[in-house]
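Taking the form predicted on its own, here's one chain by itself in structure tokens.
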Amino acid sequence: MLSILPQVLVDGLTLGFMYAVVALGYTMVYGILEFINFAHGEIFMVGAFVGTEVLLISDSLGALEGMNPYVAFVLTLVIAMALTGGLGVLIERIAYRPLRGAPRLVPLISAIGVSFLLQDLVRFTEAIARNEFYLNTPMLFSGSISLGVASIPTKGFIVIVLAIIMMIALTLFISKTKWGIAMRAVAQDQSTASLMTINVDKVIMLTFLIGSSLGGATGVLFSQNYGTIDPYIGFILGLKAFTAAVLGGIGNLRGAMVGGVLLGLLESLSGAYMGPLTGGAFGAEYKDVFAFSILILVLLFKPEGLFGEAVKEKV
């Protein structure tokens, strides 16, 4: 059993970093607006479909032939990030901003409605365009990198490297730039921030732009890593990313990163070892149950998460 442990850890890190980047979108929005954007998982899904469609159309036109796969990947990533970022801004403007002063349950219901709307729009569009909505992504990378005791697919290595780059870039943006400081000020107190000439609407719009762009980029990474996508991939992965954000401390960027990686590792370990340890009573198919059990336990015993702080509700 221990012989497969290095490979299980590598797979867990690949999955965990994807959870971590998506969790950043949840925690950024919660940090400023204090509500859970449950449509964020579908932003991730749209990014996966945008990336796949760009590659399918390019392949049908012969544009991928002779093109460096890294160039094709970067172009696909940029297009997906631009479109999903714009989609996030549009959703904030139409579905959330008019409800900003409403009770918290109202924007939450709106977010769930947007989630189902995006699922059905993608399914309807793909059914018309391709007569199917389960798509196979053209794979740009093959082969693997040997780490001695384990090997990591090239596409998995790219997932980890890009996820780390995006998380570092976001951390530097939040801590070092003028807009990042404004975002922290709005998260602290919107009313006081507006009195200090900070445009709260623009800051919130920027938050959705960045969070949605990161979610869309992760969708492209997911499609390249797993190869097959459908309109429902954002639901479970979005819930797990939310679990990662809660595990680390909702509203805490460092917590979202650590929570995502931890959840990916725990899920990978449970999928590999739950069957042997339970004599076959519980197999790898129960890894989702394990992940959501973590959410329940965290909410019961440490609701502020690993890095969060117990604070009084803002009034």
Partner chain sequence: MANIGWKSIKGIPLIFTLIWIAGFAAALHFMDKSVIAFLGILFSIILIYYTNTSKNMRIILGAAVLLLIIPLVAGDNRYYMEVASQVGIYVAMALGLNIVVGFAGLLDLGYVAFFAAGAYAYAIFSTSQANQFIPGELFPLSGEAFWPFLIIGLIVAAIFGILLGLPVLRVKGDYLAIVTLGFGEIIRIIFNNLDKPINITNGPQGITPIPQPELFGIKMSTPFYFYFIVLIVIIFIVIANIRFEHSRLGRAWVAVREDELAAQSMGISLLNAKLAAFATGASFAGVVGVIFAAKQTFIDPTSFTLMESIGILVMVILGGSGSIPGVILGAAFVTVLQVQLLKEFSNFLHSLQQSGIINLPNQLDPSKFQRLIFGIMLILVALYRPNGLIPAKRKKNDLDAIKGSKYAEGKLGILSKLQGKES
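Numbering follows the first chain given and starts at 1. Computed from a predicted structure; not experimentally measured.
Only in words, not in the display: the form predicted in complex with the partner chain, which the text now covers.
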At 4.5 Å by heavy atoms, is each residue in 4, 74 and 274 next to the partner chain in the model of the complex? no
Even though the partner chain is not shown here, does residue 36 get within 4.5 Å of it in the model of the complex, heavy atoms only? yes
4.5 Å heavy atom contact, residue 123 and the partner chain in the model of the complex: yes
Answer for residue 132 alone: is it within 4.5 Å of the partner chain in the model of the complex, judged on heavy atom distances? yes
Should residue 98 be classed as touching the partner chain in the model of the complex when contacts are defined as heavy atoms within 4.5 Å? yes
Interface segment, criterion being heavy atoms within 4.5 Å of the partner chain in the model of the complex, picked from 235 to 243, 137 to 145, 200 to 208, 82 to 90: 235 to 243
Name the residue from 149, 105, 168, 195 that puts a heavy atom within 4.5 Å of the partner chain in the model of the complex. 105
With the partner chain left out of view, choose which of 128, 172, 78, 161 has a non-hydrogen atom within 4.5 angstroms of it in the model of the complex. 128
Using a 4.5 Å heavy atom cutoff, which residues in 101 to 119 contact the partner chain in the model of the complex? It's fine if the answer is none. 104, 105, 106, 108, 109, 110, 112, 113, 114, 116, 117, 119
